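Quick heads-up: it's one chain on its own, the form predicted alone, in structure tokens.
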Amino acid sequence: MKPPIMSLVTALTPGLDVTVLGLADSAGSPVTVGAPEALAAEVAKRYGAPLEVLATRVGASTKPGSTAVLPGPSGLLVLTALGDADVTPDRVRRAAALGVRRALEASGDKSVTIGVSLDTNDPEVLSAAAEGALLGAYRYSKPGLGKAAASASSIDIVGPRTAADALATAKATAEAVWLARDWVNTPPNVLYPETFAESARNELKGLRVDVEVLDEKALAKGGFGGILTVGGGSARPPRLVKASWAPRGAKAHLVLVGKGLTFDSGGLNLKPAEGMINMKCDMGGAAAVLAAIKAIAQLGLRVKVTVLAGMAENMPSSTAFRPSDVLTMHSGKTVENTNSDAEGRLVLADALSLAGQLAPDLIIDIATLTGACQIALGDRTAGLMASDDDVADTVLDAAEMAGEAFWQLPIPEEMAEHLKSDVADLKSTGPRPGGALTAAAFLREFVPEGTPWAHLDIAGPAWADKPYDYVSKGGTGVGVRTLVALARSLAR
């Protein structure tokens, strides 16, 4: 399903199917936000009470997360709670998303036109509202299952004409999240390394982004032992996608590395059934970096960006790699495999080695890497580990701007001790305690010394069993907005 057409308007368009307005607390009383005087007067005349009173009668609340549906003069009215009147961009983002989602839920199976009016005159707040509205409108079109549920054909955002650039940024970013979500939600028999790489190439056509796809022969010639080994158990061979955006005048080079396990069975260290069902999402990191570079190119950001997405399918077979195998990686280092279900770091290690050869100013890798990070931080917060605190702060600032939750974790020096091997340069895993930190310590071995680098472990928030705020059920597209915000900060 394609994202709805989004437009910036200075006033609500007549005849909309649904209008989303705000409901805020002012000195202990609810007040509507964004309702035109004429609309409020017509509602009061028709129903004999002001909008705020009608909202109260149907149980509406100003507490963030609350929504209410009312009949309007010509279509539905959805009131979405903003809390107090002193709003933040992220609160508006959440409110807009919930308002649009409620609008679709109330619309049956129709395709509807939606207007969002939340008194967003500040460009930053308007951008958040637009982003939230688009994210809340996301629906995955299920292949072969006929017509999907209600969808939005268009969304109008009410705001000043001076906010056109803010709307363009929000639109490109949210549509990139849609793309990442679609990739993650696609069944693994449809999306596998070859088709994923081809889909990425098609999405980046016409954007002055150079795309190179290394197949299994090119990977063998280039010495990518990690990617080849992980993908060796599958009938579907691995790929490495390299995408490059190099605008004139760029002063910084950002390299984004993404883990693209299109399905992870655990290999010979087979996962239990309940741990395997959602493993089509194990390519969420690759989806994030490829979607992000599309938005970066669409926005024309003046920063050089290179994306490296390692794609493989980890399957058990007579050609699968075994625990105790020794791999020779792209960097030349040897690795003793101690767990074939710790395959993502091997794919990332090869891509990080290549990234270090590209004269980067900053390397970011992003991956659904460890259950340990999910245990530590839950399902809605991603882990961040970095070469130093300055790099961590740069990424955290971008995440805060984007409204995504990351938490910095350390890479203690003793973690490197856990990776010592008797038969290779290092082992792929260490003890179970601190597994996310050990994984980061392993990856650090493949980043050139002195190169600014951050590792984002999105194992928890990459998948949602049910929707919340502006996050959809299934693939969430986490990380895309932070990466775009980071690129924007480097382009200034």
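Computed from a predicted structure; not experimentally measured. Start at 1 with the first residue shown and count on from there.
Beyond the structure shown, there is the form predicted together with a small molecule, which is absent from this document and is the topic of what follows.
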Have a look at 247-255, 189-197, 333-341, 392-400 and name the one stretch with heavy atoms inside 4.5 Å of the small molecule in the model of the complex. 333-341
Going by a heavy atom distance of 4.5 Å, is G371 a contact of the small molecule in the model of the complex? yes
Against the small molecule in the model of the complex, would K271 count as a contact residue? Criterion: heavy atoms within 4.5 Å. yes
Examine R94 and determine whether its closest non-hydrogen atom to the small molecule in the model of the complex is within 4.5 angstroms. no
Might R345 be said to contact the small molecule in the model of the complex, defining contact as any heavy atom within 4.5 Å? yes
As a check of understanding, the residue in V213, A106, M279, L358 with any heavy atom within 4.5 Å of the small molecule in the model of the complex should be identified as M279
Among the candidates D264, E131, D350, D365, the residue which, in the model of the complex, approaches the small molecule to within 4.5 Å (heavy atoms): D264
